[in-house]
Each structure stands twice: as structure tokens, then as C-alpha cells.
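Here we start with a single chain on its own, the form predicted on its own, put down as C-alpha cells.
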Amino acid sequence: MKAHTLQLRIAEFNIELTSTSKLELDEGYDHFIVKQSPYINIFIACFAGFPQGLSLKSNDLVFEATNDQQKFYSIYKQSDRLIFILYNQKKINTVQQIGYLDASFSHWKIFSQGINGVIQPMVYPMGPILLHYITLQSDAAMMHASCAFDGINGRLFSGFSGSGKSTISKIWADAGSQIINDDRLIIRYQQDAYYVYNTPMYYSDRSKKASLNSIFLISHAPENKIKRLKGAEAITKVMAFSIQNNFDPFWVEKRLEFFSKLCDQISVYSLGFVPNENVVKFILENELK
């Protein structure tokens, strides 16, 4: 039976997907597909249909993402591997995919319901979950954030939902900056510097990279105001907007170490802003050079 293979390069991580079924990805992955990667970080075996005889009764539920209306995904621990149960966001509590991740965090098995011999292994929320576990292998983290790059400096903006990440991104874009992404980013530490990468979204966008020079934790305010954050305050507030599953003390400690080093090298600010073009000049005048 013919094997189908796809290779992706996201935040300079190389991912290989293989299956005997035809593989299909959302358009957001189009510009992340590469012909051949010199080195593969993550191997994903993709299957049509769900595994037979799967029972979760003997496994420990270690994490569950849910709200008052529905479940998003559940994570179970089975010996030295993790089992992921992902739910369809349009059909309440209907299982969409099942994933297995080995102890090395480098080999996945993803089971999806196929349609006419075609499977979609990276359908949301599988893609972001997989990328989060890739970052755990390296000096990297995923953030709910936007980033504007003016050609020299990359400025990351993060905050609660509705705080203005998309708004401030548009303001910087109108001022001539490149928007790396306005929702979900990966920060990587490489060669003594921090860089920001975009990740595949629901729309098509090419792969982007920028240096990271400052972080702003934003909120709407009646006037522009800025405050430099340092030490534990900076670490905890930045870390609060990272994407993480806090059920393993080892990885919590590793994540804390990553953000401690990040906030020691990158300036962090709280920023209350008025949503107009004046905030660009205000930041340029008040951030550390």
C-alpha cells in the first residue's frame, strides 16, 4: 500500500507526517510545507479510524481543557506515554481525534476519522497541542501573543482576551511594521538570542521570524502609561500568557527556568494604551534602548 508523506517546518522545527491514507492539511499549513528536511525533530504516524479496544478506565486523567459548555481535550497518562482525546468543537463531546505521544516527545500516533480515504491529522486543536509539546524539547515556549517587527526590533504584545493584541498589531502594521502573528507565537532561544516565530493559523500566511527585543503586557486605558517589570513579577506575568499544561512538576520547573532567563535578558513592561497611532511614538520614547 502506498505511503503518503508530508514534511513541515514550523519555528525551525522539522515535522514528518506519514500515513497509508492521503493526508490533507488546513490552508494555514500551506507555506510551512517543505520538500525535504535535513533532520526530523518530530515523527507523526497518522491513521484512519480510532484504535480498537481503547479503555481509559485504568489510566490517570492528568489534564482536561473544558468550559461550562464542552470539553476541548483530555490528557491521560498510560505508563510512560500520554494519550490525548480531542473533541469536535462543533459537535459537543464528540471525539474528533485520539493521539499517543511517547516518553521522548518525538513520536506521535494520531488517529482521525477518514473521509473517502483522506485524513486531516492536524485539525484544530491537534496542531497547537502538538507544537506545545515540541517546544518542551527545546529552549522554547508558545505564547498567546502578537508580535510587530519594524525591521530591527521585535515587540511582543500579550494580555487577556480583549486586551487589544489585534488592535495594537494593526496600529504597528499601519506604521510600517511587519506582523509576525497576532494570536499564537513560538519564542525560541538560539545562538544567545531570542526569536519569535509564527505558527499555522486558520488562514494562509507565510512562515515568519523576528528577533525578540521587548515584551509588553497590554490593556486598554484612558491614557498611555508604561511600567517596567522585573524579577518574579515579570516572570509570573509573562508566563501566565504562555500555553502550557501544568500537570507535570518537571516540565513546570523547566518552563519556569525558561521564562526566568527570558525575562532576565528581555525587557518586560506593563502597557496601558489608547488604541490610536500615538501609542507607537509613546513606546518608542519610553522603552529601554
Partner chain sequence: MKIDELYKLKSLFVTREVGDELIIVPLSGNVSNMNHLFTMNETGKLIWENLRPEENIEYYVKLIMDEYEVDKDLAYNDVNMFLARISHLDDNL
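Fair warning: this is a prediction, and the values are worked out from it, not measured in the lab. Positions refer to the first chain, counted from 1.
If you look for the form predicted together with the partner chain, you will not find it shown, but the lines that follow are about it.
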| item | value |
| --- | --- |
| Per-stretch contact check against the partner chain in the predicted complex, the hit in 233-241, 47-55, 22-30, 220-228 (non-hydrogen atom, 4.5 angstroms) | 233-241 |
| Distance check, residue 66 to the partner chain in the predicted complex, heavy atom within 4.5 Å | yes |
| Residue 256: touches the partner chain in the predicted complex, heavy atom cutoff 4.5 angstroms | yes |
| Touches the partner chain in the predicted complex: residue 249 (any heavy atom, 4.5 Å) | yes |
| 4.5 Å heavy atom contact, residue 260 to the partner chain in the predicted complex | yes |
| Residues of 5-35 having any heavy atom within 4.5 Å of the partner chain in the predicted complex, listed in sequence order | none |
